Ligand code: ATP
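What follows is a single chain, given as structure tokens, in the form predicted on its own.
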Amino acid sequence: MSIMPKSKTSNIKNKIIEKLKNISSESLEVGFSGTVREVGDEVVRITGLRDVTYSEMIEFPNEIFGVAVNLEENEVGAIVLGGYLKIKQGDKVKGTGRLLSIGVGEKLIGRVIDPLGKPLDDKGSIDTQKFYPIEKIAPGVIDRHPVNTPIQTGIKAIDSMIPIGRGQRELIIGDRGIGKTSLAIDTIINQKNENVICIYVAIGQKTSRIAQIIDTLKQHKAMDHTIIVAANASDPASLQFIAPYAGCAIGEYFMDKGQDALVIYDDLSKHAWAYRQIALVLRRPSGREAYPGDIFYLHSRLLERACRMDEKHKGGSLTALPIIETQAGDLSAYIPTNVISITDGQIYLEPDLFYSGIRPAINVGLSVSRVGGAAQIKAMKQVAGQLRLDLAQYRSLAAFAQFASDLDQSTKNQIERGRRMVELLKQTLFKPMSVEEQVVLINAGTSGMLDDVAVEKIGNFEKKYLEFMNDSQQKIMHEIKKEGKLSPDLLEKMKKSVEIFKKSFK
């Protein structure tokens, strides 16, 4: 066995020392750098990045960013936030050490942004001083306050029978094109004087459709309290996936300040489709309807963040109105049943009602608010207490009456009143009503004061009666708004006002 000469050993040692001196500490980012192994549809697989965390931003060449969503033993799966075609196999990437966040603040109000906070409305850059992570653990039960303050939608059928409270999660569900988005837009318009900041999240919709919604909100001066977060149908699935979380983070900023915020996710069906696309490319195991197994958790961790905080945490609230699209009215499909079980109730829009002219086409039997009367003012509870039951009975009696030739008088009376109440609850688009207007109208119907008015004249009666009440009976309207409940004296005044008006109504 030969021994290496001492001089040769010394030379090797000097070369190693010289090479070590030339290595800069900046290049030794152990655990925070990696290499692109594979590029797919908006998804990349990366080797290295041992110290990356879930939802951490990853930087690619050409100033392209992604988010780590799959943390495996030997590699990381990430979704690319646009421009994935510029990424090539072998590209070097590095972790940023920062969770995916969005800029929040008052300067967002009235603006249209993408899910990364970049402006889409040609009004210049948005200078936000604070950033919120788009993923956040929901507040605990101890920190929450019971939901007992209404958020008035301005829609008679909802405020009277399916009330929504501040901090509630109420699902709007139904087939395509029967008024789900219209309910949400009406609700936004009605918050004009309610001191509620509204965030409308458009997921996978056509750009022209989003432009129409923005134009409608501008016409009704509702953009002054609204923020639009838009991930269009032409945007990558990654942006559609993070859009609702970005909207939720913006709402949480206002909630943490003690304000009330309303966030609308339109719609979570497309959100689930975007996630399914990403998950399948990441080779996650697919389950029912090809959705990955954590699709329920995807929506639950989003909707659980809606709540009303207690006074120790400034008493703000975040109300969520998720929208789900059904196929042929199938409520038992996978995504609808998931979201129904997460939310505090649902407003179900039925195609048959919509096409028969009943709009909003709310099915009273299948719609429910699990907060109920706690989210109503006392005056509304007094006049609408039996309305839901009466309408449900009317529908079953009307179906039975088609096959019955002889009906007793009480059944006929119930059917006739039901027909009038159905007409009374119809409402045109983008004309939300104040709560006092709703109270006087519903009181006129439930008390039987409209039983002698022809069904086809109910719509005209409603319009003229509200003009009469707002012009010559302002004291009654003001008292309902101020007191929030109906005294026997006020009920008598309302009854007389209907009698006086009916004498002049033709």
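Numbering starts at 1 and follows the sequence shown. Source: prediction; values computed, not measured.
There is another form of the same protein, the form predicted together with the named molecule; it is not shown, and what comes next is about it.
**Student:** Are any of the heavy atoms in P360 no more than 4.5 Å from a heavy atom of the named molecule in the model of the complex?
**Tutor:** Contact check for P360: yes, within 4.5 Å of the named molecule in the model of the complex.
**Student:** Please check if R176 has a heavy atom lying within 4.5 Å of any heavy atom of the named molecule in the model of the complex.
**Tutor:** Residue-level check for R176: yes, a contact with the named molecule.
**Student:** Can you tell me if F131 lies within 4.5 angstroms of the named molecule in the model of the complex, counting non-hydrogen atoms only?
**Tutor:** F131 lies outside the contact set for the named molecule.
**Student:** Just checking whether E75 would be counted as a contact of the named molecule in the model of the complex - the rule being heavy atoms within 4.5 angstroms.
**Tutor:** Heavy-atom contact with the named molecule at 4.5 Å: absent for E75.
**Student:** Quick check for you: of 312-320, 421-429, 391-399, 91-99, which stretch puts a non-hydrogen atom within 4.5 Å of the named molecule in the model of the complex?
**Tutor:** Every other range fails; the passing one is 421-429.
**Student:** Out of R308, K156, R169, K180, which one falls within 4.5 Å of the named molecule in the model of the complex, going by heavy atoms?
**Tutor:** Flagged contact: K180.
**Student:** Though the named molecule is not shown, can you say which of R209, K381, H220, R144 has a heavy atom within 4.5 Å of it in the model of the complex?
**Tutor:** The residue from R209, K381, H220, R144 that makes the contact is R209.
**Student:** Heavy atoms within 4.5 Å of the named molecule in the model of the complex is the criterion; list the residues of 309-340 that meet it.
**Tutor:** Heavy-atom contacts within 4.5 Å come from E325 alone.
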